[in-house]
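Just the one chain here, the form predicted alone, laid out as structure tokens.
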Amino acid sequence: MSLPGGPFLARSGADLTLEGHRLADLAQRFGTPLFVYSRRAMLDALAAYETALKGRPHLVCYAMKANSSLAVLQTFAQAGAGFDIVSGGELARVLAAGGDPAKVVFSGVGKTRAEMQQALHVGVRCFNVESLGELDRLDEVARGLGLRAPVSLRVNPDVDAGTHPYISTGLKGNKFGIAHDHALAAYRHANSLPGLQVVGIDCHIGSQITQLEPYLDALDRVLDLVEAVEADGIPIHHVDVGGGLGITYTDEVPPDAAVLVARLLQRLDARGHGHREVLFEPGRSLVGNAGVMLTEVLYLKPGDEKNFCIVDAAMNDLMRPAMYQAWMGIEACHLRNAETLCWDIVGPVCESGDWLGRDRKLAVQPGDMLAVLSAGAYGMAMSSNYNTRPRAAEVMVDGEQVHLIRQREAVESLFAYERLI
């Protein structure tokens, strides 16, 4: 059976392995819940973009909201990648991991004055600006520091990416970006402000996109605007096509990164824009299938209508199923030669929405370890301490090496900043 995760996640007999390491052994060694990542899978995913872009002026900026663990950022920084950030905290993480601020693009609709100052002080590559109010605020902050802020306007092209409404970002009804019809006027305004320097244009239409056509439609609308802006005497140095490429969770068949890049470059060439630097902002497609979440079966609770397999991981550890009704593969770390039954995999949190998978056919017993697949993106990054539950530990495997990259939280640390009155 083919498993998401390329050649790195596989069965060795009855055992599920990642880069050759038995996941059941890692669960026993480090405890559960536990996130485990393949460093080689992440680097392979990045290499697919880099190889396809070879010979072109480009920068691949990892959209770090997908997984912001320092060792993950370090992996991409050492490979020469840039970063797409959406907060001052994410910028601090990039710097702590050894990332180059000159390769950072700062996105997000609600940048604060303090975040702008922070980013200007360290010298980020570009601010992806999403409103006229932000343009004015950034101009004021930059002039106050005696600097000019490099800006790219994020344009909302009103293109349907065909994805979940919570992760759709390119439609008129979304909060993101400047409406395509108003973008030329916004560029004129940005160009008139002494504290700003226009350097590019940005577009990001959503996440978990599995078709090429929305990207091509959005790029055509962006290039229409580039031509109008430059005809107005405002040069555009780079075109940022965003990210959002989907991965395989179940039966999705998204295009390979190399295919996506090739088609977008072909469109740029065909329209006479092949000389421009191109930026990509992949997140999920770099880390999603590189990680799994391990959890221990605590109890089996058969019922008249549902059989419940209660595990020690919960919605606070992995929010995607509860938040998006997302389907994620769930596999036994060691296959049992026993009867297979249909189970709902649920956690200990006191919510009916606390489930990881429904109607899964598994042969399991208490004490068994399960792996939730494709958990490298929006797993640890979206986790919380709901029900005063410590967040999971994280492990990175790299060939023969196994690194503990985040210790499990202690309960006492969860209220260390609180005070009794």
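The numbering used is simple: start at 1 and walk along the sequence shown. The model shown is predicted, which means the values in this text are computed figures rather than measured ones.
Absent from the display: the form predicted in complex with a small molecule. The rest refers to it.
In terms of contact with the small molecule in the predicted complex, the residue from G99, P282, G347, G177 that brings a heavy atom within 4.5 Å is P282. Put simply, of R360, H58, K65, R40 only one has a heavy atom within 4.5 Å of the small molecule in the predicted complex, and it is K65. With the small molecule left out of view, the stretch that reaches within 4.5 Å of it through heavy atoms in the predicted complex is, among 71 to 79, 135 to 143, 339 to 347, 199 to 207, 199 to 207.
Among residues of the shown chain, R320 is one whose heavy atoms approach the small molecule to within 4.5 Å in the predicted complex.
Although the partner is absent here, K111 lies well away from the small molecule in the predicted complex, with no heavy atom inside 4.5 Å.
Using a 4.5 Å cutoff between non-hydrogen atoms, V129 does not count as a contact of the small molecule in the predicted complex. The small molecule is not shown here, and in the predicted complex it never comes within 4.5 Å of any heavy atom of N316.
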